[in-house]
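Encoded as structure tokens, the following chain is the form predicted alone, with no partner shown.
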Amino acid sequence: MEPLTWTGSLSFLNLFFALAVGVFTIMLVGQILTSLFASEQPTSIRSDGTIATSAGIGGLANFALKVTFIAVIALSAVYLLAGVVMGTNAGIFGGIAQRLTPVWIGMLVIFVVSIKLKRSLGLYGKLFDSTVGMIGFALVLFWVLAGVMAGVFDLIVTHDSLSQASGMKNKLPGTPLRGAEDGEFQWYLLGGDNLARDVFSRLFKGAWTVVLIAPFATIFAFMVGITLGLPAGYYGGRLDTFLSFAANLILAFPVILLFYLLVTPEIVATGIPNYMAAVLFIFPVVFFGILLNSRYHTQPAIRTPLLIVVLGALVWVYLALISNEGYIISTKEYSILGLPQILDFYDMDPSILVVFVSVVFVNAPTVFRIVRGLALDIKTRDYVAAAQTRGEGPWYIMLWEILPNARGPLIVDFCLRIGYTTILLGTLGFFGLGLESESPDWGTTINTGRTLIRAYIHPLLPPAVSLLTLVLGLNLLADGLREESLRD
């Protein structure tokens, strides 16, 4: 079986694509130069007395830039659509495009529905009025869907991410798999790594690791920061002083050093991450309990059953998350507080738990300071004074008056913080901390590939580009949300 080329039978388009990209690059550089050095645009007075401005060289460069950009996008769409239909007949790109068909369908459906209903979707709907926000959302959505499809439904990957194939060590992209059986995918689309594992499959399994940890760890960090930051800013006094001192004490440590201390085997063996999980993971339970109680405290007929159902479910999930092998605290030396099997329906991998707790612990103080600052500002507003005049309780004011009016900055920071968390996960994996050495996460894969970077770049480049595009998408998404939230 012959190795795949990058574009297969679509290779006749390569020259046109290269020309379009080349001209686009030249026009982009030209536009930057003309914007820096061009003189004022010539003007003339029309017969009706109005002033006409000539576009000049800058206008022509801008027009050419738009045309070439459209040409690049159109040719990219041709590659993509032809690849989905033709598969490996369209080369490596075609094989990848076809494997990602569920992702393309999911993105198309979400974009069509969101654009159609954007006027009734609040801030999320307004995001589709921002070009930057849409690009960022598309990048983030791609990796979220790809991670879920690969990690949960196993639809994208072509081979097991840990399995090794004979003769595939460091093989180039498009190399046919030796001895492939019937029904087995016959190529390593992005080549093999130094242990003869499929780079393509490990790339998208690694996306699932990022999607699983980064957003949820950030949510937990926000739960901690909001639950502590609101009363610190609202009440002030000794409570504010104590909580601010604790937050500053944590922030005083260098982040990498703090991560290193938390994930070292000696610290893990003491059970400290388990104790930290037991404390940090209780904050969502506390937050939603106070949220619902403050909202329905005057309606006990609604409040009581609602609290029983919601808190019961949250406590169940809480016990399942912090427990391991049926125990609340479980180390090699001792175990504490055994649980019935019904309460321990999910065992989080110990290495993931350590990283998860570390990310929450490091991010929570920064969120606390943001929420505290917003609460200090918003509590002086007239609508807060009106709620106090109505006799509303402090927690009602904090959660139902102050917090909703702070959502704009918090949503933007949430997107940015997921990006920071993604970088932190990559950094931990790169240094071999936290996750297992065989983990397909991007940081570990980059660290493994760097040792042979001079000879083989293909195992290193895909996870590095993936990390870059996801963080870029999160930053663009945050910019789009900030832009739209400022218009409210």
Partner chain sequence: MGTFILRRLGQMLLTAICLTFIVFFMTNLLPNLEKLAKTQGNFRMSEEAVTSWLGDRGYLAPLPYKFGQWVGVVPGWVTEKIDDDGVTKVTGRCFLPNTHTQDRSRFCGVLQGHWGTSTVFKTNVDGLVAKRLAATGKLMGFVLLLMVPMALIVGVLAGMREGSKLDRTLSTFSIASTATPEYVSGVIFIALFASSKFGISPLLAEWGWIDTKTLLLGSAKQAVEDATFRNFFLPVLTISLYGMGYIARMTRASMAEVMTAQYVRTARLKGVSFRNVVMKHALRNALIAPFTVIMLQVPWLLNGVVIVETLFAYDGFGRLLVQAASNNDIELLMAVSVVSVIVVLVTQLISDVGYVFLNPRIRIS
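As the structure is a computational prediction, the values presented were derived from the model and not from experiment. Positions refer to the first chain, counted from 1.
Omitted here: the form predicted together with the partner chain. The next part is about that form.
- Residues of just one listed stretch (121-129, 136-144, 257-265, 67-75) have heavy atoms within 4.5 Å of the partner chain in the predicted bound form: 257-265.
- Out of the listed residues 25, 14, 9, 475, 475 is the one that sits within 4.5 Å of the partner chain in the predicted bound form by at least one heavy atom.
- For the three residues 303, 349 and 356, a heavy atom within 4.5 Å of the partner chain turns up in the predicted bound form in no case.
- Taking the partner from elsewhere, residue 253 is found to have a heavy atom lying within 4.5 Å of the partner chain in the predicted bound form.
- Within this chain, residue 468 lines the site of the partner chain in the predicted bound form, having a heavy atom no more than 4.5 Å away.
- Interface membership of residue 448, defined by any non-hydrogen atom within 4.5 Å of the partner chain in the predicted bound form, is ruled out.
- At the 4.5 Å threshold, heavy atoms of residue 19 stay clear of the partner chain in the predicted bound form, well away from it.
- In the predicted bound form, the residues of 444-480 lying within 4.5 Å of the partner chain by at least one heavy atom are, in order, 446, 450, 453, 454, 455, 456, 457, 460, 461, 464, 467, 468, 471, 472, 475, 476, 479.
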